[in-house]
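Just the one chain here, the form predicted alone, laid out as structure tokens.
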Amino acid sequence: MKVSDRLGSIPMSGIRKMFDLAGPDSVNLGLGEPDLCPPKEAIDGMNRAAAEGLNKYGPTAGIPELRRGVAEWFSGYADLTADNIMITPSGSSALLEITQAFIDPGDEVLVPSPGFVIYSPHTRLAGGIPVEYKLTEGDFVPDIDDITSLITKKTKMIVINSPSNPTGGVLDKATYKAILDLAEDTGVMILSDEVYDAYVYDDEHHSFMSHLDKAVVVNGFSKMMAVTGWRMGLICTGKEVMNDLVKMQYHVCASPNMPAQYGILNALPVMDGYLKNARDVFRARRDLITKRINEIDGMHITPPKGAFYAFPSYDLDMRSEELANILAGNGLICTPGSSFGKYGEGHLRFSYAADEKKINAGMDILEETIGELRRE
């Protein structure tokens, strides 16, 4: 049997390729999976819901109580109601549903480079054409001049990711306003991926939830609550298109996971305290991995302002995939920058969602490997 051309044209994720290389004794800094325990209230709420028989189909858009709770949780960004919120089976499926709902064959979608690995494939699966735009070097925010130069009559959507995976970059206020102005002037819609909004360390998060006339926003609970295996996300959008997205979700999954929704609902009242502690943990790890990387000759990183990824550059004359494979052979799993688009070349991505012991062990391998390669 032959798979469709659209699927056959899409490569396997570079993140997964590196994960598959991991030996049992490898230091794995390749996956963005928090090692923290979820809030106890989330586990209790999920277990209680399952024990009470709440294991059936639910509303396609999610249970009303959680939609209301999420709208209230994000009320600091905008005046939201349950009608603005749809619960989804992961942030990834939310992104897929949005592209399927809005992109027609031939539409162009501007995607960040370096940027998360699924933006371009999702565009292609919808029949669209992904067009990579640059992020500025160092702080990794969208390059407005480059974006402006790429907009054509076919441009339908621009994808924004802040805080960014893989770079840890966070939108500053000026860039945020410039993107809104661009959307106003051109009519291009904004797809804003904000799943790491809970992890901003040195600035504030500028959410597009306050501009739902121009944007559709994706967020989620997997990273926020350290429940990546639950696969729970959300879409925040204007009420005029919510019914269309609900229709799209019905044809994807019928309804999201019922017990997990009750777990999330039960944990919302304690999330402020939980996230304050989590930010303190990840900020300390950010500082550690930044210090260790900048102590290695030939490597450089500006401290990432959000998420839990480090995206340093290196001065070796080799492609990032080759370097990542050498590191994997030496026992350190990371992701080559080229996995995140053409402008990611010359970088590596490390996740500091792992503990300090693993970070230090990984940086020891990195330092030794880079030193050996520079002496050759």
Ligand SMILES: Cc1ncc(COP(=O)(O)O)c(C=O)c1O
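In this text, residue numbers run from 1 along the sequence as written. Quick caveat, the model's predicted, so the values are computed rather than measured.
Below, we refer to the form predicted together with this ligand, which is not included among the displayed structures.
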{"property": "Of Asn165, Gln249, Asn266, Thr123, the one that lies within 4.5 Å of this ligand in the predicted bound form (heavy atoms)", "result": "Asn165"}
{"property": "Contact assignment for this ligand in the predicted bound form, among Ser90, Asn84, Thr99, Gln261, heavy atom within 4.5 Å", "result": "Ser90"}
{"property": "Close approach of Arg231 to this ligand in the predicted bound form, 4.5 Å, heavy atom", "result": "yes"}
{"property": "Contact flag, Arg286 vs this ligand in the predicted bound form, heavy atom cut 4.5 Å", "result": "no"}
{"property": "Contact test in the predicted bound form: Lys305 vs this ligand, heavy atoms, 4.5 Å", "result": "no"}
{"property": "4.5 Å heavy atom contact, His206 and this ligand in the predicted bound form", "result": "no"}
{"property": "One stretch from 274-282, 287-295, 222-230, 137-145 that, in the predicted bound form, holds residues within 4.5 Å of this ligand by heavy atom", "result": "222-230"}
{"property": "Contact set, 191-228 vs this ligand in the predicted bound form - heavy atom within 4.5 angstroms", "result": "Asp193, Val195, Tyr196, Ser222, Lys223"}
